[in-house]
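Just one chain follows, in the form predicted alone, and it is written as structure tokens.
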């Protein structure tokens, strides 16, 4: 099945790509990993409309636009943008559907404007929140209750140097009621979709970088990209990414239908596997330089490994695909 973006969607992706290229995200990633949480790019992304994509119109958003969200997160993944962007978008869904208008009115306009960084402990996941030390709000869902959460203790190190996961404890109860579990489930599925889009973008960036390297690196008097074994590996990566991409867009199109949970889990499996294959081949083709701190592609390789298991492992999502009634 072929998915074709319309002119506005393509322009949106191209605009984000230009913005992120001009920003120079490798330096930003390293600053973020060192503890410098400069929000200049966060504000620029908000001005481009990224955070409005998960905020209801009544709270200054664009309404939930899953296809545009995939377009945006693909570009953010392609440039390995750091920070709890997926968590903030998922939190916007949680706040928008939790049936607490006062709570939504307090936070959702700030999210849309890029004035609030929000982290979220995903339901059914160990209580660790991404960048909870830098977030204006961290949300924790427990049954029919939504709590603010506070970081407790030291960060848990991730393979991605820009991802810092903090154990959290419940603070103030913010909302409660039967709408909370449904809102949490919707937020989780939105987070899975956004993470899947990130992974496809990361995989595509690694493939492009590896192809360029294979054309310039020479062994035995020839560019290594001329060797059949290298070509086969790169072709397999491209095939995996091209199979994953329509699954991610297909999941976006099924948003709001009974099939969304199944489709988004299938997309996460395909995106995780395809991006992981791209990272593995990138490391094999580059050799040891591909994992050195000073070499920019190492940031992409390590982010792929971290996101491979974020928002549910491939095994968990395979199980969910099988469990969801058809």
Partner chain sequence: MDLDLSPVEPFQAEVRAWLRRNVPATPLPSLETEAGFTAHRAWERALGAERLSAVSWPEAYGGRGASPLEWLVFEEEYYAAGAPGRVSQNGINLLAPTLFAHGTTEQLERVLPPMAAGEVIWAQAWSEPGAGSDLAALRATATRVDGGWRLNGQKTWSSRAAFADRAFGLFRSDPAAERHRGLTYLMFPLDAEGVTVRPIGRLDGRPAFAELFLDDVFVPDRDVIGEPGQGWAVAMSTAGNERGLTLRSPGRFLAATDRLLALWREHGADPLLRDRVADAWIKARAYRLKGFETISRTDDIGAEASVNKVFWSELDVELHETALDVLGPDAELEGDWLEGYVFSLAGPIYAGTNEIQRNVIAERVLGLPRERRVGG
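Since we're looking at a predicted model, the values are computed, not measured. Positions refer to the first chain, counted from 1.
Same protein, other form: the form predicted in complex with the partner chain, not shown, and the subject of what follows.
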Inset, instruction - Sort through 260, 32, 42, 276 and report the residue having a heavy atom within 4.5 Å of the partner chain in the predicted complex. - result: 276
Inset, instruction - Would you kindly say which of 313, 15, 9, 23 lies with a heavy atom within 4.5 Å of the partner chain in the predicted complex? - result: 313
Inset, instruction - Decide whether residue 158 counts as a contact residue for the partner chain in the predicted complex under a heavy atom distance cut-off of 4.5 Å. - result: yes
Inset, instruction - Could you confirm whether residue 306 comes within 4.5 Å of the partner chain in the predicted complex, counting heavy atoms only? - result: yes
Inset, instruction - Consider residue 48 of the chain shown here, and say whether it contacts the partner chain in the predicted complex, taking contact as heavy atoms within 4.5 Å. - result: no
Inset, instruction - May I ask you to state whether residue 163 is within 4.5 Å of the partner chain in the predicted complex, using heavy atom distances? - result: yes
Legend entry - Interface segment, criterion being heavy atoms within 4.5 Å of the partner chain in the predicted complex, picked from 66-74, 263-271, 51-59, 277-285: 277-285
Legend entry - in the predicted complex, residues of 43-61 near the partner chain [heavy atom within 4.5 Å]: none
